[in-house]
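First comes one chain, alone, set out as C-alpha cells in the form predicted on its own.
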C-alpha cells in the first residue's frame, strides 16, 4: 500500500499518496489552480507558469504541477501574492495573442479567455506591435493550426511523443519566435490526431470537420458511448437543433482514459450522410408502397411464422443494444427453438494495442453473453447465406444488417429477390433494403438508448441525443410489435424495463440496473472482467499509428 501524507490547501486538509504533485492534491481538495500545460495524461512540462501557488516557508511562488506535495505542507492557491503572480503570467501570455475572440472557433471553451476573465487584468500595458505567425495551416487531414493563437503549452507535442509515439509535432525556432509545427514530410496523420484539438487550451488547433460549424455555447453535450468498435470509448455527443455536430472523448480511466480515435470521432458523419429509410413500406406490384407500422410488423410476423423455424432465419447486428438483442432473442423463441439467429462478425484490420479494435461492432460481447451465435470466424454467416442461396431458407429477417455486404450475400440476395422473402429492419436504405419485401425504418446511433458491453465485459449506457427521423423507432420497439403479433407479451415501456428483465434472466447481467451503470458503466461479474485500466498510449515498438 502506498504511503500517504497529509497537507492543507486553502485551509482544507487533504490526504494523498506520497509522490503526488501539489496540483493533483489541490484537485482532490477541490481547489484546482488554473493551468494550461498540465494534463494528467501527459508528462509534466511546467512551462506555462499558470499554476502558481504559495507554500508556507518557501520564499517564492512555485508551480504546483512540478512541486511534490509533502507531509504537513501548507498551500495557498488564492492569496494576494498568488493572484498577482497569476495575473502577471496571464498578461504575459496575452502580449502577443490576437484579441480575436469574436471570430475564434474556440471562443466559449477557451482556457485563455476563461482565465483572462477570472485572473487577468482588465487592461493591457502592451503597446508594441504583436508578432505575426502562420495562420490556418493544415498540419494534417483533420487538424488546422493557427500559430498566432498558440501559447506554447506543448500539450500537442507531448501527446504525439507520449501517447501515439508518432512525434509529428515539434517546437521550432527560439525564444519569442518559438512555433509549433510539423516536421517536413510528416503530416499530423496518426489515428488519434483529433485529440490534440481537445487538449489545446486555446484556439491554435481546431478540427477541420467541426471548424466554424457551430458556436459551442449552442452545443449540448450528451454523455454516451462510441459505437465505432468494441472498445466502448466514453464520448460526449455534441448536438444542436436535433443534429450531431461532433464527438469528443469523455474521461473514463477504465476504458479510454481521456482519448478517442479519429474514426470514432467522425463516425457521426456517415450516419448523417447516408440515405435513410423514412417510413414502413411493402413491395407491391408497382414497387414499394407505404404501410402502417402495425401492418408492416404483422407482415413480418406472418411471414416468419409461415416459414417456420426450419425455413426462416434472422441476421442481427452486433451493433444492436443488449435491449434490442434480448427482444430479438424472444422473437426467435416465439418462432421456434430451431430458428437460426446469427450475429455476423465484423472484423477490419487488427487491434492497435491502444483503443482501436479489429472488432468493428459495439456490442458483440453483449450478444455473446445473451447466448447468440456471434459467428467467430464467419462460418455461421456463410453457412446461413449458403442455405438462403440454395433455397433451404426462404425467409430472412435482417436487423440492422445488410446481407449484400456479407460474404456470399450477393447470391443469397439474388435468390431472395426472385422468390424468397427478405424482411429488413434498418435505419438505412441499404442494397438489401432495396430488395426487401417489407422494410421498416429503425433509429440510428444517437437516436436510441440502451446498453453496450465492450470487449472487456464492461456494460455501459448508450444515450439518445437526437430525435429519430420520420417514423423510425428503436429496434427493440419494432421487434416487440412483431412479437406481439405472434401472441407473445412484450409490453415494454422503455429500455430500462428490458434491462431489468435481462438482469433477472441472464446470470452475467445479474444485479445490473439502469442506475447502477451510472456515467462510467459497470464491469459485469464474469471471469476476466472488471480489472480494466485504459492503456496509456500506443505500445512502444508498435510503430506510429497512421491514418
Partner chain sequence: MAEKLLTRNVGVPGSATLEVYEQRGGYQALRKAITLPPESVTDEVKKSSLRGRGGAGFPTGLKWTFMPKDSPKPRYLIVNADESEPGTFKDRLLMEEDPHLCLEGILISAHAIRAKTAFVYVRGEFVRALRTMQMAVDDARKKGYLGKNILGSGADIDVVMHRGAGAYICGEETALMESLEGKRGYPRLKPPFPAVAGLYGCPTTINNVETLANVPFILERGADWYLTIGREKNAGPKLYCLSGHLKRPGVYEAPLGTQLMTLVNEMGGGLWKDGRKLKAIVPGGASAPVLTAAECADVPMDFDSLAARKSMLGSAGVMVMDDTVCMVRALERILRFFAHESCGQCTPCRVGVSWIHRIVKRIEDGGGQSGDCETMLDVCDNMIGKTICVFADAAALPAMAFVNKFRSEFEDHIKQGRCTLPEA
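Owing to the predicted nature of the structure, the values given are computational and were not obtained by experimental measurement. Positions refer to the first chain, counted from 1.
As for the form predicted together with its partner chain, it is not shown, yet the points below apply to it.
When its partner chain is considered in the predicted complex, residue 110 lies well away from it, no heavy atom lying within 4.5 Å. The shortest heavy atom separation between residue 376 and its partner chain in the predicted complex exceeds 4.5 Å. Shown alone here, residue 57 lies farther than 4.5 Å from its partner chain in the predicted complex, counting heavy atoms only.
Residue 95 belongs to the set of residues with a heavy atom inside 4.5 Å of its partner chain in the predicted complex. Annotation: in the predicted complex, residues 48, 126 and 171 each come within 4.5 Å of its partner chain through at least one heavy atom. Though its partner chain is absent from this view, in the predicted complex it lies within 4.5 Å of a heavy atom of just one residue from 44, 32, 505, 70, which is 44. This chain is displayed alone, yet in the predicted complex one of 494, 66, 484, 513 has a heavy atom within 4.5 Å of its partner chain; that residue is 66.
Only one of 233-241, 289-297, 357-365, 84-92 places residue heavy atoms within 4.5 angstroms of its partner chain in the predicted complex, namely 84-92. Within 4.5 angstroms of its partner chain in the predicted complex, the stretch 149-186 places a non-hydrogen atom from each of 151, 152, 171, 172, 173, 174, 175, 176, 178, taken in sequence order.
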